[in-house]
Every structure is written in C-alpha cells, then in structure tokens.
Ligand SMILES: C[S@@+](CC[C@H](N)C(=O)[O-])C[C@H]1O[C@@H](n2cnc3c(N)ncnc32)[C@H](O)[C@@H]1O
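Below, in structure tokens: the form predicted alone, a single chain.
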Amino acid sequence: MSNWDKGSYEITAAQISPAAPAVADAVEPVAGQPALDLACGTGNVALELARRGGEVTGYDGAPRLLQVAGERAAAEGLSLERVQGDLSELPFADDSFEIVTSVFGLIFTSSPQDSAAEIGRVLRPRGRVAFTSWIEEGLFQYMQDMARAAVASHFGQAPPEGSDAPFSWGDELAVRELFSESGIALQVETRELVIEEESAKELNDRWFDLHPIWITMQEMIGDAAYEEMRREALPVVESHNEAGDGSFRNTLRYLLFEGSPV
C-alpha cells in the first residue's frame, strides 16, 4: 500500500491536470450541486468543480495532499470541504451527492467492489458520476508491470496473475460490469493526455525520486534494487519519447467513464 504523503505528488498532479476539465464537463450542471471528489489529491478536479459553483467535498486518504488542496482553494478564494478516509468506506449518508468524480484516483482503491457500491450508495438517484482510468498500454503499463515484478521478486513470489491479479481498470467491460452491480450505468470514451518534461532522464528521475508509489516501493525492496530499476527504466522511457528536440513528450490514452444510477 503506497503512502501518498511521501515525496511530491504535486508534480504528477500537474502533469495530469488537463483531465480535470474533461471530468467536470461530464457531470455538468455543477453550479449549486453537492459534489464529492474521490482521491482528490492536490485538488485538480475538486477545484475545477468549485470554480463552476459546486458545493465540493474533497476526499482522500493522505492528510498532506488534503492540506495542499485546501491551500490551493484558499489561494483562489474557493470553498472546499476536506475529509480524510478510505475509498472503500465513505463516511457520508445515503444520497448525499448529486455529483461524484475521480481523476486517476479511484483506480487505487483496495476494494473496487466496495468502492463502486459506496459510490452507488452516496450518489442521488438522478446524480452523475465521472472518473478516469489509464488504458493498459505504453509507458505507464511498462512501469506498472516493472514495479509489480520487482516487489514480487523481492518477496520470492511471481507477479499476481489470473484471479489474484489486481482489478483491471483499463478493461471497459469489466469496469462497466462492476458499476452495474451497484446500479450505475456507465458510458466510456477514449481521451488523450500529453505529458512533457525537459528530458527523458528528468522524467525518470522525477518518478523515482519524488513519486509516492516509487518511494514506498524503494522502502520495500531496498536502495540497490531500486537504483537498478531506475537504470532499467530509463531506456524504456527514452523509447517512448515523441519529441525530437531533446526534450520529452509522450501521449497517453485514458478512459473517461460517465454515468448515472438506473
């Protein structure tokens, strides 16, 4: 389980921030509506909803990230309620929210089934939900597979497969079926997000030095194995570089799910 208070998730949050308006667009109208942003992190979507007049609650398990979200809201003169807790057990009454959102946050829940059920419970009968997940391909997929293999190897195990594998948030049908069990019908579309950095090495080092997931993994597998992973990852990052001027650019595809209770 990653400690999201470690490192500096703000850097990654800035890179994925263009997805926030897309999610907010998917749940309009927002003004005057109670909205819950799950795994809100530094507040990308929560603040976007607040800018549009929503009555927003940002929910996250990491106290430091909630503090950052609050500071960002205060700097813009926005109202943002913040609540700390687990994605699989929401501390809100039934039918509390007209809107529920998440940008690349719900995908980290420890229990997809429980989280989907909780969203169905707190969402009003005519409410709207929208969230994003990564398509399992390309650079992010490689990095994810490498991390799982490294942790499994450290503990003398094989990477989880079959029924033991983590839920596939990149599987459109699986996600739609998961939420249908909680009474929510979803539509999905594919979007693109471009991440940029000064160089491939700069991006690789930022991930290994600052990303909470990677820092947590370093504590698990030790410094020597971690530095070897850093060296192995760099040529892969370089191979996904679409820029031709020495900088780094990579186009990532993601899924935007949106829907309502039925």
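The shown structure was predicted, so the numbers you read here are calculated from the model rather than taken from an experiment. The first residue of the sequence shown is number 1, and the count goes up from there.
One more form of this protein, predicted in complex with the ligand, exists but is not displayed; see below.
*Asks:* Among 34 to 42, 227 to 235, 50 to 58, 196 to 204, which stretch sits within 4.5 Å of the ligand in the predicted complex, heavy atoms only?
*Replies:* One stretch meets the cut-off, namely 34 to 42.
*Asks:* Taking the ligand as it sits in the predicted complex, is Phe179 near enough to touch it, meaning that at least one heavy atom pair lies within 4.5 angstroms?
*Replies:* No - in the predicted complex, heavy atoms of Phe179 and the ligand never come within 4.5 Å of each other.
*Asks:* Is Tyr9 near the ligand? Define near as a heavy atom within 4.5 Å, in the predicted complex.
*Replies:* Residue-level check for Tyr9: yes, a contact with the ligand.
*Asks:* Using a 4.5 angstroms cut-off on non-hydrogen atoms, would Leu65 count as touching the ligand in the predicted complex?
*Replies:* Leu65 belongs to the contact set for the ligand.
*Asks:* Since only the chain is shown here, I'm wondering whether Gly127 would be in contact with the ligand in the predicted complex (any heavy atom pair within 4.5 Å).
*Replies:* Close contact is absent here: in the predicted complex, Gly127 is far from the ligand, nothing within 4.5 Å, heavy atoms only.
*Asks:* So which of Gly85, Gly138, Gly183, Pro166 gets a non-hydrogen atom within 4.5 Å of the ligand in the predicted complex?
*Replies:* None of the other options qualify; the answer is Gly85.
*Asks:* Could you list the residues in 9 to 27 that come within 4.5 Å of the ligand in the predicted complex, counting only heavy atoms and keeping sequence order?
*Replies:* The stretch 9 to 27, when checked against the ligand in the predicted complex, contributes Tyr9, Ala13, Ile16 at the 4.5 Å heavy-atom cut-off.
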